[in-house]
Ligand SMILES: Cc1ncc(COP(=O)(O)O)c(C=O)c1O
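One chain follows as structure tokens, the form predicted on its own.
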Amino acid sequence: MPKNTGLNRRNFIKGAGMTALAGAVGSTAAGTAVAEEMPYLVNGKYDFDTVYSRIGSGSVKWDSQIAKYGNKVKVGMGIADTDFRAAPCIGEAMAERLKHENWGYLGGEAYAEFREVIAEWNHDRYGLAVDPTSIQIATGVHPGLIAAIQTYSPPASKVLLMTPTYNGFYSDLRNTQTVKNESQMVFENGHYSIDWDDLEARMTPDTQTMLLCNPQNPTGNVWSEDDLLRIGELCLKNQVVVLSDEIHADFTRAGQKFTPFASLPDKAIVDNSLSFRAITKTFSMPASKNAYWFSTNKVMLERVKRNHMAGINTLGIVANTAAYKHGKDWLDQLLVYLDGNHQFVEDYLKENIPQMRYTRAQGTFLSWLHFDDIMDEVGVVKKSKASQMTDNPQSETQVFEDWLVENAGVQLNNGQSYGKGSDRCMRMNVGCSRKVLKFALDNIKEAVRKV
């Protein structure tokens, strides 16, 4: 079996302040090296519960937080990749390819196979028929989105977003010199819904594209076919091209169904869209730099291709192809575990931190937490105002992010960057061992209790 070797041991020592977590959940927790041999299967099932350390591997979720906060941070619960060992088929395929010690240009046959397995995955899991020849391989979802925005939204024009939404979209707007046009969703009884009147009112002549997130990051909405058809009808009526980011498609909770925009039963609506996907969230390998996009509209496809250029690496193709071909069982077991994590968070907050509101996610491996009252008790408004007179001005949620690290040792993503309506929220990644999840929530509970 693959071993967790070659990590920077100095960084493990640097993370020694995280050994409190190790003591709480076992010797393989953060701050300690993982055992040299760690079985993939326990009683015939993949093991998602044993804590797998990523410290020293260059992880943004862990090492970057240690670099920023030092030993104050005990657990990184922000960045959206998961802390589980990769499906074994991925490492096995990469190891096999490494036996051939030449890394020249990758040929068309590898791309053709990759497109075929992408099409098979979409057909088998979602009943979606995607023409493999229409699939455009990309370095990531962002390069594809940027190419599409550049094609249809001139600089200084508006791009429609439903907020709270994925904060990375705002970097896409900066890269294309376009302007955000935010339709804030309605939050009621722990659930977000679309403000249809506001959404249509924002489909102005200077708005040519809409960035749709499905499942919605960070709120966890999995949009129904009716919702998507209504969005599609409004966009078609107002000549707005739908750019559907579906990178979290594979993460739906029990009882929920993901509907690809390209599967809608209205050809005109589907032809007015492009879909952007990857399996890199699914198998937690975004650094493999592989994604794809496609459209049923050949003219639209060709226009966007003119503004798109992909830089693909061989091992990325090998890893992603292996995941598509052989990773189904691993993912199916992971989804059950993640569903349990979501339920654990909901139950824990109701029992232990009732003043914190929780959005019940239908999909993704993210929790959207509402800290309104707690942030007032901490005094973030006053601290934020005081910081404006310093060299390090901070928003209220940035102040609270730092407060959580200082008082609970837990780093969450501050809500400010997720657009209008996100000011008093934080995003927490539940894609980790339940032991780590409980450790983080216990620490937050104790910190809040002392306020």
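Residue indices: 1-based, along the sequence shown. What you see is a predicted model, and the numbers here were worked out from it, not measured in a lab.
Omitted here: the form predicted in complex with this ligand. The next part is about that form.
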### Query
Taking the partner as it appears in the predicted complex, which of 322-330, 139-147, 183-191, 346-354 has residues with heavy atoms within 4.5 Å of this ligand?
139-147
#### Entry: Partner contact for Phe251 in the predicted complex: this ligand, 4.5 angstroms, heavy atom
no
### Message
Even though the partner isn't displayed, in the predicted complex is Leu161 close enough to this ligand, meaning a heavy atom within 4.5 Å?
### Response
no
### Query
Does Asn217 make contact with this ligand in the predicted complex, using a 4.5 Å heavy atom cut-off?
yes
#### Entry: is_contact(Lys281, this ligand) in the predicted complex, heavy atom dist at most 4.5 Å
yes
### Message
If the criterion is a non-hydrogen atom within 4.5 angstroms, does every one of Ala80, Tyr166 and Asp245 touch this ligand in the predicted complex?
### Response
yes
### Task
Please pick, from Lys72, Arg360, His308, Lys289, the one residue with any non-hydrogen atom lying within 4.5 angstroms of this ligand in the predicted complex.
Lys289
### Task
State the residue from Leu334, Ala87, Cys213, Leu274 whose non-hydrogen atoms include one within 4.5 Å of this ligand in the predicted complex.
Cys213
